[in-house]
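The chain below stands alone and is given in structure tokens; this is the form predicted alone.
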Amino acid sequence: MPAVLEVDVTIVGGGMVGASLAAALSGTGVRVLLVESVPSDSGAQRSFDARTTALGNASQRIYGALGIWAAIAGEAEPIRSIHISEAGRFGFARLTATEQGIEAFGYVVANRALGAALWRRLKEDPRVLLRVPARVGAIDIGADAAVLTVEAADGAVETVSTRLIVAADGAHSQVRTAAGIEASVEDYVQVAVVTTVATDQPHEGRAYERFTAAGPLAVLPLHDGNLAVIWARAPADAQELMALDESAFLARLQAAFGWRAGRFTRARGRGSYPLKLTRAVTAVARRVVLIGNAAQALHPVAGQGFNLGLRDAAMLAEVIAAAPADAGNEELLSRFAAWRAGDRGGVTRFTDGLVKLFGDTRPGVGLLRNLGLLLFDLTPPAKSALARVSAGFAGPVPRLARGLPVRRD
């Protein structure tokens, strides 16, 4: 009978959140197994595709503490200012990093660059066991351990006994289903069209969030001088945009966004994905914990989804490292869930509320929104509060997010 591989933690899903958790646990003495079905450098790996991510300052500190930031800093563009507006309305708001006394509100990084840095780190650490490409088969969750099978691409099957299974396998999580955790799904009836555009003016580190009747349009600065575009549209409109030639697409984008960033001259790498709000009813179950999109998959407005998932990973690593004898014991998981509940709930309500507020077409609501934007623009305390969102809405801030190592002093 084949030997059973015994580990402390099995992470299912090696996307940005799962790989970040594995990196955070390396060096803690915890035995970690990471299972991922698609190699990080494969064109089929959607976690590390041509899209970009806006890392908040807390996320930047997490990667700095993990030794990852140095590898991606050269491709990270600081967000020096933010311009918020609504199409067809007079209201707007402006935030600058200098008035908040910070270097930047965050940094825009290509997912591919971040994925390469994370996986390079994991492959160099013999204490993190990697099964890639491989899939999890049967999962049997017991009182003292969970037993699962890992099926490699060549057909080989391995039996693993683990104290804790971490579901980092996305919004359609297999582990979440196996653990019997239900999730609610709300379809925003929007599709995000993403691309990279060139402009005839320097962006000077300025990010834009423009709300339109069909959905928000975000334009983010990139280190090469180009701009990343995340454009939420109705499904039929998104399909039409994807079918347009480059010239027609740029014309539609220019009409929707305006000329604040100059004239758009080129677009490349167009893609799309549906927008839904997925929320698990609980973050933990017996021997199982959910992080990232497996726990909550958010609308990309305000760019909070990945930053929230990364704080999940940072706090989970801290909790496990403080009590490594049994990484999946009920008390430990309950503590993690309690510490993360406020942040998760606050960010989810914030992003969902923004989408619904700016999608409200009732008479008079638009005027109130614009008065609110103008008032926000004139209220320094409100701007300071928004600038601190990347540290979390509530609950303790993970040690990594404060630039400290995972292990307790």
Ligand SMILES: Cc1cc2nc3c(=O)[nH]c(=O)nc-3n(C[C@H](O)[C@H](O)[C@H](O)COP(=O)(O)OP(=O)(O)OC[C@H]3O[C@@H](n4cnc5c(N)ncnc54)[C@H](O)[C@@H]3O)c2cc1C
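Because the structure is a prediction, the values reported are computed rather than measured. Numbers follow the displayed sequence, beginning with 1.
Keep in mind the form predicted together with this ligand is missing from the figure; the text below concerns it.
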Which among 202 to 210, 332 to 340, 168 to 176, 95 to 103 is in contact with this ligand in the model of the complex, heavy atoms within 4.5 angstroms? 168 to 176
Answer yes if any heavy atom of Val38 is within 4.5 Å of a heavy atom of this ligand in the model of the complex; otherwise answer no. yes
Is it the case that Phe306, even though its partner is missing from this view, gets within 4.5 Å of this ligand in the model of the complex, heavy atoms only? yes
In the model of the complex, Pro398 touching this ligand (heavy atom, 4.5 Å): no
Hey, in the model of the complex, is Val136 touching this ligand, heavy atoms inside 4.5 Å? yes
Contact assignment for this ligand in the model of the complex, among Leu277, Leu129, Leu253, Val194, heavy atom within 4.5 Å: Val194
Identify, from the list Gln60, Thr52, Thr348, Ser26, the residue with a heavy atom within 4.5 Å of this ligand in the model of the complex. Thr52
Could you list which residues of 56 to 81 come within 4.5 Å of this ligand in the model of the complex, counting heavy atoms only? none
